[in-house]
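Before any questions on binding or motion, here is one chain by itself as structure tokens, the form predicted alone.
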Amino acid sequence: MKKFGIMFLTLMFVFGLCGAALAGDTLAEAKKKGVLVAGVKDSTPGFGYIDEQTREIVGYDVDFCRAIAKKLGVKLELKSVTSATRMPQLIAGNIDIIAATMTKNAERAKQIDFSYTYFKTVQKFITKKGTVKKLADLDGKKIGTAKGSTSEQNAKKSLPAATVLSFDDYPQAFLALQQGKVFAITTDESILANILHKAPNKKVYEIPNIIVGDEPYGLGMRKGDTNFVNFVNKTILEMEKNGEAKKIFDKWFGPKGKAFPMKREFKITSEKLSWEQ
């Protein structure tokens, strides 16, 4: 029995080493295959959505992946993910990197690794005009958001008496608001602004100045994938330094951008969040 136990522990140690090695192979594997597979959203205006003319997925997140793939010297392959499926898809090995408006936090960092913050925003709400002045006005109401998002978690914590209804994506949640099935929807202000920007009846709604959380976005990679994480971090820092990161921001969110205009109030740096220290 003792001998079996020693053999079992030895095998576990060997498999653990293999797992650690595999976790760090994305950089080499992508070069070998000549392809980087990125998980992006296809229904989030500004960040990842299907262009009506080309029928291809485009957006801020897509352009960051394209720049990383170019630096790596490989082709970029895009796969659609949702807030709920993006981490499982990464962990299962179906995608190499997540670029899907993904907020970095300590809980998620237990399962995957993150790049430096490449976009910053805050969580707010869309409501009918004049119906909400303070956070308490939302308590006891039905609030729509997306499954598997930090918005879902924050809404439940901030509004314990509210009923949080989760949808596959934010356009579905906004449709529920238009149909009167929810009183408000909540997610990152950058996403809300772009949803409202495209809405035909946008004058009926507003985004009250109520903040329930900071939302620093990170590019997600497999846990322990150190070589790839370092490569991605180095690449996006170079993009900030040479102006490419700002150019991508302006392309989508600048005064003449393709999405709702926003002010760029952040820079990509190597600074870590408190829980990353």
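Don't overthink the numbering: it's just position in the shown sequence, from 1. Computed from a prediction, not measured in an experiment: that's the story for all the values here.
We do not show the form predicted in complex with a small molecule, though everything after this point is about it.
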Considering only heavy atoms, tell me if residue 195 and the small molecule come within 4.5 Å of each other in the predicted bound form. no
Just to confirm, residue 96 within 4.5 Å of the small molecule in the predicted bound form by heavy atoms? no
How about residue 89 - does it come within 4.5 Å of the small molecule in the predicted bound form, if we only consider non-hydrogen atoms? no
Are any of the heavy atoms in residue 150 no more than 4.5 Å from a heavy atom of the small molecule in the predicted bound form? yes
Could you tell me which stretch in 64 to 72, 239 to 247, 209 to 217, 31 to 39 has residues with non-hydrogen atoms within 4.5 Å of the small molecule in the predicted bound form? 209 to 217
The small molecule isn't shown here, but in the predicted bound form which of 191, 173, 155, 126 has a heavy atom within 4.5 Å of it? 191
Would you kindly say which of 108, 79, 142, 120 lies with a heavy atom within 4.5 Å of the small molecule in the predicted bound form? 108
